[in-house]
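Given as structure tokens, the chain that follows is alone and in the form predicted on its own.
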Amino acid sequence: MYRQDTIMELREQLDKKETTKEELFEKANKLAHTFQEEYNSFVTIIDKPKFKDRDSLLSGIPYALKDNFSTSGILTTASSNILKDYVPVYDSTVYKKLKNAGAVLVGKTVLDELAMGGTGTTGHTGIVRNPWDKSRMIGGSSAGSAASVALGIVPYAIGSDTGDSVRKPAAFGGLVGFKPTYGRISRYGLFAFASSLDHVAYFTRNVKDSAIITDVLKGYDPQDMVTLKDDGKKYLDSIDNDIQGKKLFYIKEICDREYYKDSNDKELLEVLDKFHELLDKCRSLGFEVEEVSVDKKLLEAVYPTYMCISCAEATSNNANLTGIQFGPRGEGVTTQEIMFDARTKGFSELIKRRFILGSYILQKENQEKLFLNACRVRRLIVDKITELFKEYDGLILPASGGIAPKFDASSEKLSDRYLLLENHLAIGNFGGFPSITLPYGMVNDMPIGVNITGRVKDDELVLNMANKIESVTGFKNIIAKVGDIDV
């Protein structure tokens, strides 16, 4: 494990004139180029930055942006062949706010194609490798953003989270990954995957840096009809508030060691042991921590419900990628032939399967049985968690049942570990709850993460609680590679 400067530390260095924004960018740019062939974090690396001095904590500090955020004049591909040459003429609100804050873009990062996937292996420019172990995945879909922070290239990177696309890679990369409340940050200019689930999210090396970014990005945007009115708070100011008496719960059916006692999965058992050790540390901090039981059938329904809703919405949202409005023109005589050829050549097999599944779910004869039933199950899950939030301030669970998987690893998708431990983060997207992952241990020399999810609009408290928990994990501000190498 190594350590790299945080946003606050870089801000202090800039203010004291111990470094300059040009020097910070040059270092990040050289690191990006140095690590690119080995880890493939970026679709586009910026070599000629635009500097703006602003009265902001982010002014002059380099960052990376997932390549599904629109950036005027800069290639924006969503890591898909069908958009491989697309250069937008407008800026996403997130990119615009970061520019106005004086943040310096280092590059656009690789993702799973169209943000659909959790492996970091389906981007059109190749797979993204985990900086902790190149034989392992970093996770996805925000794979390049995660890797760029874990490599020490940038102190933070922007991603998007539809099911766990920032919070799971954060666990696999030893990072903090924060997804604020649905609507807290505008998604205007973020390519839509599943609109009822999509959130702007980001990677940092500590919780305070996540608060800084949220303070810059949050707020109402007339271009995004679901954005919330700004609450007027500065989350950084309350990050160290007292948490005495705050109540956390964990779900027995997801992380009770008894459920897995007959398992030969030593990695899973070690993750659970370390998780329960962390719960004891939380109690010593002043948290009340209790076990809660939830109907296992409801929890097992999270993954199929997510797949049903997300595939249906993705099919609708990406219907414009036809080779006519967007993408290289396909071959054919009729409009239908042109579209068929463009979409056949433009999408990977995974994306085509998801679109076929989404189309099937949305067929008139299937909507009631599949799509609408999935929406009803989603509501049951959200209602249950919301009910628990009347008594508790937060839900705490392992972000994953194990460490980052190897590229050739297989998983049993009907197992308890897969259905429960690997997919529960989607609950945060179902309900739009603020949710944060932070590193809390190592297993087999790889990082593992814990997740804290809170009530809608309680972003301030979630960050506050996570910051307090981070103080006892011993894994704050870590990176996988030496960011200070001579490049």
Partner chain sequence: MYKVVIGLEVHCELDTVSKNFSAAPNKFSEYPNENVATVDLGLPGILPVANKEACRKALLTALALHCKAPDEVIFDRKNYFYPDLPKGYQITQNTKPMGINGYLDIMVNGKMKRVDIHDLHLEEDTASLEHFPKYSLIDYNRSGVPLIEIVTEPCMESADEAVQFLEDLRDVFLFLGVSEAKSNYGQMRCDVNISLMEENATKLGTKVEMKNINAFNNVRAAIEYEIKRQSEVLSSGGKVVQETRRIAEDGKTYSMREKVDALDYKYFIEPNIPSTPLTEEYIEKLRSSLPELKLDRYLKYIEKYNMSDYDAGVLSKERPISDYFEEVLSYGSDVELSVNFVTTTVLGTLNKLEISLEDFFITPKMLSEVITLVRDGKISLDHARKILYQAIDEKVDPNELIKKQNLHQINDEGELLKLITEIMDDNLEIVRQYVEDGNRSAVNFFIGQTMKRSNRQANPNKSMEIIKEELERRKNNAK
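Keep in mind that what you see is a predicted model, and the values were worked out from it rather than measured. Positions refer to the first chain, counted from 1.
The same protein also has a form predicted in complex with the partner chain, omitted here; what follows describes it.
Q: Check for me whether the partner chain, as it appears in the predicted bound form, comes within 4.5 angstroms of all of 119, 300 and 303 - heavy atoms only.
A: Judged in the predicted bound form, none of 119, 300 and 303 sits within 4.5 Å of the partner chain.
Q: At 4.5 Å between heavy atoms, only one of the stretches 153-161, 315-323, 288-296, 269-277 reaches the partner chain in the predicted bound form; which one is it?
A: Correct option: 315-323.
Q: Name the residue from 263, 196, 415, 238 that puts a heavy atom within 4.5 Å of the partner chain in the predicted bound form.
A: Contact check passes for 196.
Q: Only one of 135, 373, 100, 359 has a non-hydrogen atom within 4.5 angstroms of the partner chain in the predicted bound form; which is it?
A: When the partner chain is considered in the predicted bound form, the option within 4.5 Å is 359.
Q: Classify residue 367 as contacting or not contacting the partner chain in the predicted bound form by the rule of any non-hydrogen atom within 4.5 angstroms, answering yes or no.
A: Yes.
Q: Is residue 189 one of the residues lying within 4.5 Å of the partner chain in the predicted bound form, judged by heavy atom distances?
A: Yes, residue 189 sits close enough to the partner chain in the predicted bound form that at least one of its heavy atoms falls within 4.5 Å.
Q: Is residue 223 close enough to the partner chain in the predicted bound form to count, meaning some heavy atom within 4.5 Å?
A: Yes.
Q: Report yes if any heavy atom of residue 72 sits within 4.5 Å of a heavy atom of the partner chain in the predicted bound form; otherwise report no.
A: No, residue 72 is distant from the partner.
Q: Enumerate the residues of 324-343 that have a non-hydrogen atom within 4.5 Å of the partner chain in the predicted bound form, in sequence order, or give none.
A: Counting only heavy atoms within 4.5 Å of the partner chain in the predicted bound form, the contacting residues of 324-343 are 324, 325, 326, 335, 336, 339, 343.
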